[in-house]
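First structure 1, then structure 2: two forms of the same chain, each alone, as structure tokens.
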Structure 1
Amino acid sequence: MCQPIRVSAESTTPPVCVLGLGLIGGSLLRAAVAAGRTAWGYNRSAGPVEEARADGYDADSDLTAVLRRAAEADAVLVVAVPVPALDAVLGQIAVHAPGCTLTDVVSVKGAVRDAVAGHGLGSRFVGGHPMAGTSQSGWSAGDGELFRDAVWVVTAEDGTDPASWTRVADLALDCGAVVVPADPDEHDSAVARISHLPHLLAEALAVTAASGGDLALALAAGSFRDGTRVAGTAPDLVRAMCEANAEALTVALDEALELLTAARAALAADADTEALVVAGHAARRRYESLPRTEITGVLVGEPGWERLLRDAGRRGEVLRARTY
């Protein structure tokens, strides 16, 4: 008996408090307001606060006041600050709004889970990662439609508070995303393979081509252009992303190196590329034909619901809409 995912509680549309008004936080504040939520934001530096206010949004640079308001309104707190600021913000949340549902939008999930637990905030925390972005940054680059049809990972660990999970998933859905539930460490392994490894391979391809001189670059066409597109991203952004996930990325890079080393041996000995080319084509086809089935039949809060959601996410299944 397959049924849509649902909760027994009523629909959850609590207010939203966004901490950090850069590209992702600023886009989230816009999207939450567009979805009819009461939402306000905080940013440490005054510039983005003024920009957000000028655009008609509720924003402040007083973290204590913003967090007290969140605690009074029982808002969902979204941590969208740069990783170096994470610890300080979590410390303030522990003082002023420890009872709020708490989520984040950081691109690694294991390290954030550990930091949150270190501040005693684990009981109402649900990790999040919207797989969206641009090469731009800052409030002005934000867009309330940034998350439309994007994948938004929402972590589901044993012991996660069901009400908080529903609140966070609903926020992602309200922003126009589809939700993929995942274990934090499995998330980190997955993004190492599909987001961070592509950057390292693109950088290596660009360097190898350029070492062929301007003749090589003059001959470069579609395969080079696509294969190196993300090497055009600012090095600081690429480094921050890859280095925060160094452990999982090392594993993925080792697998790629093993494949390429074996291919090198067959190429040099027998002018043969069959094994790698056939496997790569099959893998790309599998990606293209992934069904992205809708998750059904899981009642958030029932015994084992966290595992059921993780299993569904592991099959590439997604939650597309609030169904209650």
Structure 2
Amino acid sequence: MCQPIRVSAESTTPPVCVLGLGLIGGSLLRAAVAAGRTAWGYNRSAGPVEEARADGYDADSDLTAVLRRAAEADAVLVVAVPVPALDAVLGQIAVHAPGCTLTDVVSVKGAVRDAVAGHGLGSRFVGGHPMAGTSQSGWSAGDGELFRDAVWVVTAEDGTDPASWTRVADLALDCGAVVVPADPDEHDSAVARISHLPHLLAEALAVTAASGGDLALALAAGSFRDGTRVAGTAPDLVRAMCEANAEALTVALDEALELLTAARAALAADADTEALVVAGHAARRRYESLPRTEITGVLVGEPGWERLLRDAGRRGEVLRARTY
């Protein structure tokens, strides 16, 4: 029988401090509380704080007070602010809570890793990215079940602190997600293809349809609705994540444009779409049939554990549970 991944030290369930109460941060605060964690949140603007409090959650707009509380409680800090606000928040963490385990839910990992290192916070940092969301934003869009059975990337770089990695993975599991370990740069290349590129394609599809006039929009049904769903996301959020991953996204966009250019040439010359349609169908079927095999046989903290976890993640393997 396959055994879950093991850890080298006894696990704890430390408090959780969520910095940013938008869709993802707000959902994480809800999920952590539902899992029995002591958790509180911060948001710069008062509106989400008041909404969270009205819903019975512990929230504040005083970042210094929130971080000092986190330091006293040895909480896991979760950075859930947009990329443009990242540097300012990290600067405050470096002053008021530099010893806390630190993670994030930002959709790029290389840029966050570099920013964290720039503030001297790398020793207890473990990058995170829950692959879940909607086109809505703000506290009111949050859902404590948002992460249920979703993939949650937890980075595993050489030299990662094992105790911090365990704390971050535990939090993801408590929120109902399955954990996929990954290298930050490999993560960014992957999400450029499966998250950021779809945003640009959705925007292009929406603009192309609208240019056909109201008749085209009136005829639009399921395929258009599904294909443009993420175009309903606030433009500032889309720009922040795409532009923060510009290098990897450019590569993915070039590949997509090459496919579309070849399809256009075949369509114009021979009224033929076979190559792209057949390849796309096969790729979709591969996605639908990809197994989520359990990660086994890795002891976090033993020599080479980070590499073993990265290798497992590359194979599409996941962590669903933990023994102690």
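Here, rigid core means the biggest group of C-alpha atoms that superpose within 1.5 Å across both forms. All residue numbers here follow the sequence of structure 1, with the first residue given the number 1. For clarity, every value in this text was computed on a predicted model and none was experimentally measured.
- Working note: structure 2 is the copy from the form predicted on its own; the remaining copy is not.
- After superposing the rigid core, the C-alpha of Asp236 moves by 2 Å or more between structures 1 and 2.
- Relative to the superposed rigid core, Gly213 undergoes a CA displacement of at least 2 Å between structures 1 and 2.
- In the core-superposed comparison between structures 1 and 2, His199 has its Cα shifted by at least 2 Å.
- Comparison between structures 1 and 2 places the CA of Asp270 6.5 angstrom away from its other position, after core fitting.
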